[in-house]
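Presented below, as structure tokens, is a lone chain in the form predicted on its own.
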């Protein structure tokens, strides 16, 4: 057995004289904390973190404690809750009293929350893990308790430190920078398309297979500017782009076609907005791959960049929106500084 394998297997069960790892579970609600309502449909956020933890079989294997931050369905979680979670995690990290942090979360916006935390938290000393479940705890074959146990085990692993925020789901571990929800119902609900997991969990052991690239950390601000997403699609009318811009967002992420193109009718609308000082980032709506100024025709990325937009690579529009808001909170309207915040 090589050295890395020995290290992985030695962490599976603490030795007689080993200090138990101290892991804090931050509960926020979601499917993983759901219970049946009066009509049989699931009500998110009913179960406490203590209820969930009691079914993981971890008693005696680590020092676990629970804090309920809020109990919400994930469609009700946004910037205010992101900031609150980031502040709580930062407090725990700076206390030097914990070895790992786990956040349970609804799956619909799990990738948004995880990425926000990924942008603002230093995990070099304390891993931060986000998990949830596709099935409610009472459902046949539920993944709720298994996912929570694996996330707790991952948070206790020293190999999880310094990898940025990680998402643990269905025995796979993903970087928050690349993870996406890819199924509305299957247990393998998350993936990093084109890149795959950073590692896997097997019988309590974390096998780190690739170290994720991490963009520069940004401050956790008191307030975020409003950044909207404009999704491109074939045949889109100019009125669509004009309506979004006239609603006066502080900045805009265009979820572009292919390498970063936009519908022909949008080109003059976006060019006019850029001339008037709009901040516009362009990403690709494809599942993976970089934007690139490969083409030169009306509506091409090259035309948009020449007009003052900047392109974003390897981030979904949802993630680009979060990072753009954070970088604007830090750098105002300094386009050079904002664009640099997206560097890899």
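Numbering follows the first chain given and starts at 1. Values in this document were obtained by computation on a predicted structure and should not be read as measured data.
From this point on, the text means the form predicted together with a small molecule, which you will not see here.
Colleague: Any of the heavy atoms of residue 81 lying within 4.5 Å of the small molecule in the predicted complex?
Modeller: Contact with the small molecule, no.
Colleague: Might residue 311 be said to contact the small molecule in the predicted complex, defining contact as any heavy atom within 4.5 Å?
Modeller: Outside the cut-off, so no.
Colleague: In the predicted complex, does residue 250 come within 4.5 Å of the small molecule, counting heavy atoms only?
Modeller: Residue-level check for residue 250: no, no contact with the small molecule.
Colleague: Taking the small molecule as it sits in the predicted complex, is residue 74 near enough to touch it, meaning that at least one heavy atom pair lies within 4.5 angstroms?
Modeller: Result yes; residue 74 sits at the interface with the small molecule in the predicted complex.
Colleague: Using a 4.5 Å heavy atom cut-off, indicate which stretch of 196-204, 240-248, 101-109, 223-231 touches the small molecule in the predicted complex.
Modeller: Going by heavy atoms within 4.5 Å, the stretch is 101-109.
Colleague: Which residue, 291, 31, 27, 316, is the contact with the small molecule in the predicted complex, using a 4.5 Å heavy atom cutoff?
Modeller: Checked against the cut-off, the match is 31.
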